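Next up is one chain by itself, shown in structure tokens, the form predicted on its own.
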Amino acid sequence: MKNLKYFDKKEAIFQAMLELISKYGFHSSPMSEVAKQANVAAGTIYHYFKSKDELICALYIRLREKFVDNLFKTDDSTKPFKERFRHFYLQMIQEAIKNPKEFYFLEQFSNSPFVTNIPKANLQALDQPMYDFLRKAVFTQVLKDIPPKILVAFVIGSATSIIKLQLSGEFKMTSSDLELAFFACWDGIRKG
């Protein structure tokens, strides 16, 4: 039962920090407010995390792992790559639209000085499943021979733009629009 309590408190702290950052940003989310929102003593947070920066970095790693895991949870390697890539691409968009606070947190973190607090090797490990997924398709000559960093940046950048457009309310995506987005991305990376 002790582990469940540990998880519940830690989870409450993560959720409180995510909620506060989504409302007020990184710098206007004090630990005292996180404790209050999580319904834990301020000292409890420091039992799990040495500092606010460490908590924010741990939240990023947790959300990024969850996001990547969800992208590949239902991947079927027996299917043709185009179908697998379609699922991956659309899943990336749907996950972000279902979890806008998480999406915006990940975006904000990736473009902030906080990202330098995580060793590059750890950041690369978080994205490794995406690199492996796309690299195999380049190796089997399904995708253009594009350097992996550019390929991943192109695919994620494409999906991120669609996500932001949808979340802004500026343009309501239909399933046909999402298919068009997929084909535009696919045509940009497929070989031949």
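In this text the structure is predicted, and so the values were computed from the model without any measurement. Throughout, we count residues from 1 along the sequence that is shown.
Not pictured, yet referred to below: the form predicted in complex with a further copy of the same chain.
Proximity to a further copy of the same chain in the predicted bound form, defined as a heavy atom within 4.5 Å, singles out one entry of K79, K73, K98, K120, which is K120.
Segments offered: 37-45, 133-141, 58-66, 163-171. Contacting a further copy of the same chain in the predicted bound form at heavy atom distances within 4.5 Å is 163-171. a further copy of the same chain in the predicted bound form comes within 4.5 Å of no heavy atom belonging to Q94. By the criterion of a heavy atom within 4.5 Å, D177 is counted among the residues contacting a further copy of the same chain in the predicted bound form. At least one heavy atom of A153 is located within 4.5 Å of a further copy of the same chain in the predicted bound form. In the predicted bound form, a further copy of the same chain sits within 4.5 Å of a heavy atom belonging to Q124. Taking a 4.5 Å heavy atom cutoff to a further copy of the same chain in the predicted bound form, the contacting residues in 108-124 are Q108, N111, S112, P113, F114, K120, Q124.
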